[in-house]
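Below, in structure tokens: the form predicted on its own, a single chain.
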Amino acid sequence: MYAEIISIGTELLMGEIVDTNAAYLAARLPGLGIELRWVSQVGDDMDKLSEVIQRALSRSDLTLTTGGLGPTSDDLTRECIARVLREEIRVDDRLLEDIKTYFRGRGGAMSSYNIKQAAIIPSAQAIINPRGTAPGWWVEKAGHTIVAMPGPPGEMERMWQDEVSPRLRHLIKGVVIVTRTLKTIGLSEAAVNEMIAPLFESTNPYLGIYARSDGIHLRAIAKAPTNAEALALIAPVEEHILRVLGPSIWGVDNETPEEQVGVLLKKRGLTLATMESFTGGLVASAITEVQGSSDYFRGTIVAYSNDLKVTFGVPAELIEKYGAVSPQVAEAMAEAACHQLRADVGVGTTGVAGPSELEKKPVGTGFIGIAYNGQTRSISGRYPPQRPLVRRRAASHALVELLQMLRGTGQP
């Protein structure tokens, strides 16, 4: 089965919001044995949206739409599906009563504009939406399936998990698609490609290579009649990658460095603190995204200026001798974080985020210091010379290096 995703809303085209719905759905289709071939974004325009839906029906078995199911005049998904399928759209009394019940439960009055959310066509079945006022649509006609879901991620994700995904699973027979992702650090995309070049010749499993903020990822995708058979296809590819790239691999699938760092710190009863300069608190922000991080994370010091670095324990003579952007200062920041915040492990980051060079060092230069158990070391990094990328890549690099350090000391 071939699928297409249509993300609807002029706000997407204006860059006002990021389309996380398409990424969410794309990550979940392979596990159902559905191959995603196209993703589109379209604004709130009757003619353009109708054109995109018509094109999807001509080339895809399954069309998933998100957005455009709201109560306002620019929410046009229902109307456009009806237009393309040449069906009359009518208000359904049962759906209307459900929407009224939703508003009564929240203690509010329903606007007359919400009535349009109870509209449906003959070939559609309503999909319940307990988190909002917009029911989804499940449409089957002429061998095609259209699933229309609301745009708010919380509503869409709940509808997908509880209503849409189980129903699609019953439709798909005879094939599953399994993926396996291996995540590396410390190697360039070209170097990884060269080291495992023969593996890219396979079509099943297919092997892709991607540059991410936390390193180079390798994703194997296999198709087979059963999950076990697909995993068997992936197994020799994974074994080859582990044999060649083993020391550089830090994680698999959905693992994140901040989660893995937290697991090791909690297991060993260790605490962590950071002192950040050019990453501006991004390392601490990632760490505290993990539930339960208060058990091991002491806090952070964002010491952007040199005088604040000195105030919190970085020797002034180090800055004067080597410059603030140096491995020596990164190490001193890590040690100061341990001392000032009474932590067992410290991380320090310093570098040049841009847009201009600093201390005769180019934009994208970075140094990460890690202090633990009486030893301190530093790691250098060269990141894409764009300020947002520099900061994000450096923060991810710091977390992966911390994870590798923790894995290399004691038993995980």
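Quick note: we count residues from 1 along the sequence shown, nothing fancier. None of the values given here were measured: they were computed from a predicted structure.
The same protein has a further form, the form predicted together with a further copy of the same chain, not shown here; the description that follows concerns it.
- The contact with a further copy of the same chain in the predicted bound form, taken as any heavy atom within 4.5 Å, belongs to 308 out of 128, 242, 252, 308.
- This chain lacks the partner; the member of 72, 101, 204, 227 within 4.5 angstroms of a further copy of the same chain in the predicted bound form by a non-hydrogen atom is 72.
- Using a 4.5 Å cut-off to a further copy of the same chain in the predicted bound form, each of 154, 179 and 284 places a heavy atom inside that distance.
- Interface residue remark: residue 37 is counted as part of the site for a further copy of the same chain in the predicted bound form, having a heavy atom within 4.5 Å.
- The closest non-hydrogen atom of residue 41 lies within 4.5 Å of a further copy of the same chain in the predicted bound form.
- With a 4.5 Å cutoff on heavy atoms, residue 236 does not count as touching a further copy of the same chain in the predicted bound form; it lies far away.
- Looking at residue 186, you'd find every heavy atom of it more than 4.5 angstroms from a further copy of the same chain in the predicted bound form.
- Of the candidate stretches 344-352, 360-368, 29-37, 60-68, only 29-37 has residues whose heavy atoms lie within 4.5 Å of a further copy of the same chain in the predicted bound form.
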